[in-house]
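Below, in structure tokens: the form predicted on its own, a single chain.
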Amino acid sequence: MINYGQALGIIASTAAPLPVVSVALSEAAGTVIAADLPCPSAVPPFDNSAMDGFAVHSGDTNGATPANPITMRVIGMVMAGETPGGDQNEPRTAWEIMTGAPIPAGYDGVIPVEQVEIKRDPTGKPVAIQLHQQVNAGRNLRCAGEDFAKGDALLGAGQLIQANQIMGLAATGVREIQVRMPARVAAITTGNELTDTNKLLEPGKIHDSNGPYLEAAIASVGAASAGVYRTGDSADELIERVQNLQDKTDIILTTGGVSAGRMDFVPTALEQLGADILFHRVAIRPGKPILFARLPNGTLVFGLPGNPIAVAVGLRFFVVPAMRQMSGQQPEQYASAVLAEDVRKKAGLMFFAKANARTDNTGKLIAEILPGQESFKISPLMKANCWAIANADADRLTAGSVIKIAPLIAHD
């Protein structure tokens, strides 16, 4: 049996990078960028006004005070989406300007409309303004390249593309990007006792919760689902299903059949398929019998124990790191929290606990380990908002000690 760190090392050395494809910006959300992307254009692309007002030469406003106002002739108007025309550089002149409109050449400041006195012609058009204050250069301007400068780093390789990144990519005119293909993941739940949720339970049967969980979770971690299937406790059935899936997937998940019982057939079935079993049994709770293998064609197989929480832990703390490795993302960095109360655990096993995290009135992050940590108990997971991660060495964690916490599902 190996420890969790050793297991992650084996996964990292085995999970090969996924292929690179080009996708349109409209399809990029949830993908991972494959290479550093320099900014293709400046944002804003030109100096523009931050508000409705009047563009002026800052030097022409020197000495303006309520007791010594300065009058300027208004020679034009420019709206957002327009280009200023005409003679743009007459001294002691101003342009009426709207938010987002380009600043006429030579003008270097904007005074808000409500801070000037306006003289209008009979049609209501401004013909002159009176200033009672000095306008410094750059006032109320959005300068070209102030947000994004052309050529600067826009995104880095391994960055997850979410709505925030889409906004920046669109603003800079990016139409498509090079990304890693999402991992194609299939799941196979095993067990003669399993039945669909839409069927009445017969004696000795249980509803299959692992299949629906994995179907939902695979999508939520950014993978492309290759389907969720079920077999009985049969090596032949599993072999046939894996043979049908291996060339269509990057990762296959199985649930059940990896412990040491008479019906734990998954390791033997994988060996018959020519798989290289890279580890079997990790010093964790729950999910100690977890198995990791590589098929001859390179498809990875995670044999997860059958208990539902062991499945959730296996996906979150083994499969997700593999997917991050394959997509070029960095390993996750977990937050730290203070433990709310004493917790006992089995020494020698890293413990992934269903937990709730909250902020107390001092701003400190507090983690509470929920009751019902048995690996068959789903109800505490439904109440949890995070996983608490306890290192293997101790058999008791004391209140006030610092513990790592992880989101229920990876999100960055």
Ligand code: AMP
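As the structure is a prediction and not an experimental result, all values here were calculated from the model. Numbers for residues come from their place in the sequence shown, where the first is 1.
FYI, the form predicted in complex with this ligand isn't displayed, but the following is about it.
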Worksheet item: Does Pro308 make contact with this ligand in the model of the complex, using a 4.5 Å heavy atom cut-off?
Response: yes
Worksheet item: Within a 4.5 Å heavy atom cut-off, is Gln134 in contact with this ligand in the model of the complex?
Response: no
Worksheet item: Taking 4.5 angstroms as the cut-off for heavy atoms, does Arg139 touch this ligand in the model of the complex?
Response: no
Discussion item. So, Leu194 and this ligand: in the model of the complex, are they within 4.5 Å at any heavy atom pair?
Written reply: yes
Worksheet, complete the sentence: Note: this ligand not shown here; in the model of the complex, the stretch from 204-212, 91-99, 276-284, 117-125 having heavy atoms within 4.5 Å of it is 204-212
Worksheet item: Which of these residues, Glu176, Glu332, Asp147, Asp264, gets a heavy atom within 4.5 Å of this ligand in the model of the complex?
Response: Asp264
Practice prompt. Work out which of Thr189, Gln165, Thr249, Ser327 lies within 4.5 Å of this ligand in the model of the complex, going by heavy atoms.
Written response: Thr189
